[in-house]
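The form predicted alone is given below as one chain in structure tokens.
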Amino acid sequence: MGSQLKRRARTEVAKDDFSGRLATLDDPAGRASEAYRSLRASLLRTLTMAPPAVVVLTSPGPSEGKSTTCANLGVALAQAGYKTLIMDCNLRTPLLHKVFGLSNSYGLVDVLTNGHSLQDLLREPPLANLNIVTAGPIPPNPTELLGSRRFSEVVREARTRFDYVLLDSAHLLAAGPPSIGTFADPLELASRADGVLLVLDAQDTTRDALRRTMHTLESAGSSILGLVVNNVEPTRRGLT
């Protein structure tokens, strides 16, 4: 397990900086912003191909900071001059609209079900090079929508228009013992992407959950690009 982690990019966000805020805009000179710039640099080194690239952000369980990480990484890429799209593909508990202070009355679900185009749904916050697609109304069939041909078409279109496309996903592991299984949403997204960033909470994510998540993704043929470890206490290293 240790050697697996060392071969991948790893970025840590200290506990005091892990607040769910958009630090890259609110405090660009702060420690958290520097951590996200380090993540940007690690990602660009890991993605050896030239843009465009599509990256999924997921986590073993809920509330581990993946939406905050997705938003801040997207801002960091845009600040470096890359044309970036952040798409909220968490059709179960979407959060990106809250991070950016946007309405979620319409979004990706409308592109997939109501005939809207990607252009119709692009949101542009007050930052050059950055666009947002919110999730929209929560559907009864999120996995089927993300596994649809229409979603594949949306991702292909996004590749033609942006340097980097970040897909915020639902978490992978279902609550309860391992026999309960997994949510297929991140696997559907990963099958259309160039790689996956795993987001963890240093205080809550267990090594067993991380192992199961990595095994599930790799068994499905997904490329794990790196780890983002949130909520790190300076005196406590590693996961439980």
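Being a predicted model, the structure only gives us computed values, none of them experimental. Don't overthink the numbering: it's just position in the shown sequence, from 1.
Only in words, not in the display: the form predicted together with a small molecule, which the text now covers.
- Within 4.5 Å of the small molecule in the model of the complex, a heavy atom is found for none of 11, 33 and 79.
- Only one of 152, 143, 93, 117 comes within 4.5 Å of the small molecule in the model of the complex through a heavy atom, and that residue is 93.
- Think of it this way: in the model of the complex, the small molecule has a heavy atom of just one of 206, 63, 38, 191 within 4.5 Å, and the residue is 63.
- When contacts are judged by a 4.5 Å heavy atom cut-off, residue 67 counts as touching the small molecule in the model of the complex.
- The small molecule is not shown here, but in the model of the complex it comes within 4.5 Å of a heavy atom of residue 230.
- Between 127-135, 143-151, 108-116, 93-101, the stretch whose residues reach within 4.5 angstroms of the small molecule in the model of the complex through a non-hydrogen atom is 93-101.
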